[in-house]
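Consider the single chain below, provided in structure tokens and representing the form predicted alone.
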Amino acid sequence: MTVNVMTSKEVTKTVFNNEELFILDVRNASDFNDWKIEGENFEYLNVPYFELLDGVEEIMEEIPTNKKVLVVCAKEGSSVMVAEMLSDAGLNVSYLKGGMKAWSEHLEPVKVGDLNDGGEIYQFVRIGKGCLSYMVLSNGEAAVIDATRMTDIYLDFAENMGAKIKHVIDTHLHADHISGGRTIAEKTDAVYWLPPKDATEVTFDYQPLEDGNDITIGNTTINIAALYSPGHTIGSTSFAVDKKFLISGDILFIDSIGRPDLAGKAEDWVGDLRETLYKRYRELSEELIVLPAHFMIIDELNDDGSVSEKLGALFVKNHGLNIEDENEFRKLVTENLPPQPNAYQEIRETNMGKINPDMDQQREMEIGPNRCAVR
């Protein structure tokens, strides 16, 4: 039988559509347990490929014949081998093109709203890492916010939309993924904005992003208003876009809140985090639609695959916004921290311009799930 191929884009659609998928993951158990492809109606079997070198007979009964079956490995090679053996044994299976490496790098653009002057805002869902980035479009101009290192996707998207990228913004100095902000700015001659309190050690020129800055694109009816919102980092900055959307960076997520320890400052910054969430954000309109920089769990995706929710709804249902006692909040945030992201110190140094790893090194640094939240 023929061995089929599924791309990351096709797998993303199965996630968005809540379709059934059976995944045979042939990576080591530790890699599988740390990070896997997640979907609401996915089933899994993890058998390291080296256990299948002599044949697949022992797992044949565990693989369904009435569901799509996808074989997954780190970079593709092992999954092709296993998929061919399963196919030779009579099963109809596919393998993931490019493996988990490709899954980690896939970005799926999803329109999340219209703006007052006919402009649009798109969310780029990095489904394998839980990262979210944005493009605001208006009258042939664009701003990109929290871009990943896969810069061609934003450049091609803007070109296809007939827009010139005029501004590139990072809400903070990222520690979980390598920013594509500087590269996009250099390629498009756009202004690169970065909060100065996060940029004390950077080695490049940037435009200081400070509270009250208005960044205008298209025409004067669309502005991206900066709101200083420290807590995840000392410089973290949110944005009110067109008075409709709140781009919250790594401060507030749909089902969790940002962690304050990725520069080793949990005890110092937890007070800033609380002030941002319980005071600064409380002064904003509850009708603002929150667009975060991450999601933690697949349940946070809306029906169309986007990640968003009204601020007022989060005040009601997000546990991190409903801890009245400040000492309890401090304890929860500082004592309940998940493992830190892989290579986060090296990622920070890359985003500062201190080191310049090649593309393979950058991929290796980012392997694994995002871990920017406290839940």
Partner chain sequence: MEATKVLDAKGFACPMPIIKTKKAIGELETGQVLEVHTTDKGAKNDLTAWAKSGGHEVLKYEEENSVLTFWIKKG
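Everything quoted here is computed from the prediction, not taken from an experiment. Residue numbers count along the first chain shown, from 1.
Note that the form predicted in complex with the partner chain isn't included here; everything after this is about it.
- The partner chain is not shown here, but in the predicted bound form it comes within 4.5 Å of a heavy atom of Y49.
- Not displayed here, the partner chain is approached by G77 to within 4.5 Å at the level of heavy atoms in the predicted bound form.
- The partner chain in the predicted bound form comes within 4.5 Å of a heavy atom belonging to L53.
- The partner chain is not shown here, and in the predicted bound form it never comes within 4.5 Å of any heavy atom of E10.
- Proximity to the partner chain in the predicted bound form, defined as a heavy atom within 4.5 Å, holds among N322, N28, Q345, N41 only for N28.
- This chain lacks the partner; the member of M81, L115, I153, I298 within 4.5 angstroms of the partner chain in the predicted bound form by a non-hydrogen atom is M81.
- Only one of 314 to 322, 28 to 36, 328 to 336, 346 to 354 places residue heavy atoms within 4.5 angstroms of the partner chain in the predicted bound form, namely 28 to 36.
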